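Next up: a single chain in structure tokens, the form predicted alone.
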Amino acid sequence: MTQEPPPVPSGRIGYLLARAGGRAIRNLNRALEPYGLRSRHYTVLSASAEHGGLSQRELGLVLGADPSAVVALVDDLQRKGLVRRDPHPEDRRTRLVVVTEEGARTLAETRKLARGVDDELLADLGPAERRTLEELLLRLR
């Protein structure tokens, strides 16, 4: 029998979001450990694949992350052979972050793990509730 968490006072949406997000990140980090990745790496790898060839600055904007943090994460992913930096066709000062074949394989495997983490986190919600939650979270930019 699972124990119910103590009630949280009303007006604490930020706390509840942080608690759920923290749990999701911890569980995803555990799942990604065999790959030598953390949730931040997964997010950069996933966004790089989804948006295909963004600059590090653009990745930072897409992810809402500090550009210097993105540089360090891309460095890590490049060392692992999961991404490469290609020259921008119109701006020789800019490099585009592109997922390698190994990165695409790793992403396919880790997406399954991420879905499992999401399923575990959202186990008490039905399909319609999950869709509603996702829609609402997407509105919180």
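A residue's number is simply how far along the shown sequence it sits, counting from 1. If you superpose the two forms and keep the largest set of C-alpha atoms that fall within 1.5 Å, you have the rigid core. What you are looking at is a predicted structure, and each value in this text was computed from that prediction instead of being measured.
The discussion below concerns the form predicted together with the DNA, not included here.
Novice: Hey, in the predicted bound form, does residue 66 get a heavy atom within 4.5 angstroms of the DNA?
Specialist: Residue-level check for residue 66: yes, a contact with the DNA.
Novice: With a 4.5 Å heavy atom cut-off, would you call residue 101 a contact of the DNA in the predicted bound form?
Specialist: Taking the distances in the predicted bound form, the answer for residue 101 is no, it never comes within 4.5 Å of the DNA.
Novice: Spell out, yes or no, whether the shortest heavy atom distance between residue 46 and the DNA in the predicted bound form is within 4.5 Å.
Specialist: Result no; residue 46 lies far from the DNA in the predicted bound form.
Novice: Answer for residue 57 alone: is it within 4.5 Å of the DNA in the predicted bound form, judged on heavy atom distances?
Specialist: Residue 57: yes, in contact with the DNA in the predicted bound form.
Novice: Judged by heavy atoms and a 4.5 Å cut-off, are 85, 90 and 93 together in contact with the DNA in the predicted bound form?
Specialist: Yes, all three are in contact.
Novice: Let me know the one among 80, 111, 26, 105 whose heavy atoms come within 4.5 Å of the DNA in the predicted bound form, would you?
Specialist: Partner contact (heavy atom, 4.5 Å) among the options: 26.
Novice: Could you check, with the core superposed, whether the Cα atom of residue 64 shifts 2 Å or more between this form and the one not shown?
Specialist: Yes, shifts by 2 Å or more.
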